[in-house]
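Only one chain is shown below, in structure tokens, and it's the form predicted alone.
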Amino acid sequence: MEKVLMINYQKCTGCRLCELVCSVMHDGVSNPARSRIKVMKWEAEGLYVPMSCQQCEDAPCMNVCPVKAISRDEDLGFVMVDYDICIGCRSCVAVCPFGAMNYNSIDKKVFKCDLCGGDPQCVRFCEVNAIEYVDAERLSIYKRKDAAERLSVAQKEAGALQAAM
């Protein structure tokens, strides 16, 4: 069964350990710029959102690649880059709707999350469990449940506001 990263930004503390672990795992250096996961920070709101490749079913990066260097791993279902074919045109970087495809100007190559070959290290080292590696179907169920809970809270707040008027 296909698995994906499930990110719960409400749990994220902004420690950025996931970024460091990722860069060490893939490039052997502790450098957030080389990470395949990026923590977007809104300091004033205290909001931190880990962003990573969503492994899109109809991946724009895969569709735009002029040399077909981006494909889907048949066993694990993740989108991957074949560096023997990639020409570094960065079309994939331009079309990614999540900003998850990156370009390393030092190595002169694109890079993205490859789920660490099925053992994502960001998940392993996230102490608050803001990042989980789950069956794709479970992610859908979780998102529906979360949306229903938020809708319920919003309706209760609207009802209380209306009753106060």
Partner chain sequence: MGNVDLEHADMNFRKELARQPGGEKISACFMCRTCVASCPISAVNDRFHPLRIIRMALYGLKEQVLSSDFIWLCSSCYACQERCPQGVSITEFMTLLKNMAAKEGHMPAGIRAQLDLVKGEGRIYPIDDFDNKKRAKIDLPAVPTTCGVVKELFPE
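Positions refer to the first chain, counted from 1. Note that the structure is a prediction, hence the values are computed from the model and not measured.
Another form, the form predicted together with its partner chain, is not on view; read the next lines as being about it.
Contact annotation for the candidate site: 5, 136 and 138 all lie away from its partner chain in the model of the complex (no heavy atom within 4.5 Å). Remark: residue 125 counts among the residues lining its partner chain in the model of the complex, judged by a heavy atom distance of 4.5 Å or less. When contacts are judged by a 4.5 Å heavy atom cut-off, residue 32 counts as touching its partner chain in the model of the complex. Within 4.5 Å of some heavy atom of its partner chain in the model of the complex lies at least one heavy atom of residue 121. Its partner chain in the model of the complex comes within 4.5 Å of no heavy atom belonging to residue 12. Residues 15, 17, 20, 21, 24, 25 are the ones in 8-26 with at least one heavy atom within 4.5 Å of its partner chain in the model of the complex, listed in sequence order.
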